[in-house]
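Before any questions on binding or motion, here is one chain by itself as structure tokens, the form predicted alone.
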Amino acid sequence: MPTTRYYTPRRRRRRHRKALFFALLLLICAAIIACVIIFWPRPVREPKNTESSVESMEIFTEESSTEVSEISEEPSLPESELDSTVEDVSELSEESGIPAMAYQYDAPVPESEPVGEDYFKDALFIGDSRTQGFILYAGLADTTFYADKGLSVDKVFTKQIVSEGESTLTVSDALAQHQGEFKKVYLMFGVNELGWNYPEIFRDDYRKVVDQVKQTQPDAQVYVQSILPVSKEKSDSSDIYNMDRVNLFNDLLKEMAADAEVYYVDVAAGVSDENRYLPADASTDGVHLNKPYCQKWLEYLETHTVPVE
């Protein structure tokens, strides 16, 4: 006969706990397996032709570096195109009204290519008796002159010397009447002012003349000519007409010309000897130039011009 087993309450509880333990263990194992299935990394397919892709990248890198090297060593435009680009920039600078290089007004006009007598057809010369001698001997037949013996910077506005039909005008009025007619204006003053007690007044009055010229002849180049030298004999014998005074007044002229932005042309250099005196054979009175030296004066002006912008 089969044996009948009887379980006591204690044995039942022990068996129940064991069943619970195995059930919990199975549940934990199932959870672990599920996590493994969900989170297990999937294999990643490598791209086809990997080696060829790397090679093409290396080739591209080499070509790119070569191109960069070439760009850094050589301009990207041919020289002819670069030249035209520079010209375009220069033209743009001119159109904008900005000069490529500012003129140095504090220095005398430098030597330039010679011009002919036609250059002075639209010029006006204003000055004293020295300018009168220049008119007589230089041979500029088609050039306009406003000149008179004893004319000084203060008399430009008061002394009537310019004949206009039946009228005689001051230089100032004549400039206004011929508004904008001249393209170059040459000024020569100073010999009659050497005796002034206050040289600064000469500079200031000269500036007024320059301003009047610029106002009435706005398109003209204004040349302030240096005071011509006197001979050594004249300089040694005169308290007024001597080179110390001439040099002092010329320094003031250079200062004024730079401030007014007009051209200072050192015509004295064209007629002086090695010591900056007027040579003895250049004049009968040591002040006014004879014909050969008036022609030297003209030659200096012809080789010291400023190109029109």
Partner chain sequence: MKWKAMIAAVAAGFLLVSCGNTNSNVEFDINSLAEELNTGITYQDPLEKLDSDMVGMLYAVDGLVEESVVYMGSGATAEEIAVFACNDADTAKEKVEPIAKEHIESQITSFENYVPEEVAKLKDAVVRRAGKYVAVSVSNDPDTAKEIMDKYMK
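Numbering follows the first chain given and starts at 1. What you see is a predicted model, and the numbers here were worked out from it, not measured in a lab.
What follows is about the form predicted together with the partner chain, which we do not show.
J.: Residues in which of 223 to 231, 145 to 153, 198 to 206, 172 to 180 have heavy atoms within 4.5 Å of the partner chain in the predicted complex?
T.: Heavy atoms within 4.5 Å of the partner chain in the predicted complex occur in 145 to 153.
J.: Answer for residue 284 alone: is it within 4.5 Å of the partner chain in the predicted complex, judged on heavy atom distances?
T.: Yes, residue 284 is a contact residue.
J.: Taking the shortest heavy atom distance, is residue 107 within 4.5 Å of the partner chain in the predicted complex?
T.: Residue-level check for residue 107: no, no contact with the partner chain.
J.: Taking any heavy atom pair closer than or equal to 4.5 Å as contact, tell me whether residue 139 reaches the partner chain in the predicted complex.
T.: Flag for residue 139 set to yes.
J.: Using the partner position in the predicted complex, report whether residue 296 sits within 4.5 Å of the partner chain, counting heavy atoms only.
T.: Although the partner chain is absent here, residue 296 would stay clear of it in the predicted complex, with no heavy atoms inside 4.5 Å.
J.: With the partner chain left out of view, which of 212, 237, 129, 168 would have a heavy atom within 4.5 Å of it in the predicted complex?
T.: By the 4.5 Å criterion, the partner-contacting residue is 129.
J.: Quick one: name the residues from 279 to 299 with any non-hydrogen atom within 4.5 angstroms of the partner chain in the predicted complex.
T.: Residues within 4.5 Å: 284, 285, 288, 289, 290, 291, 292.
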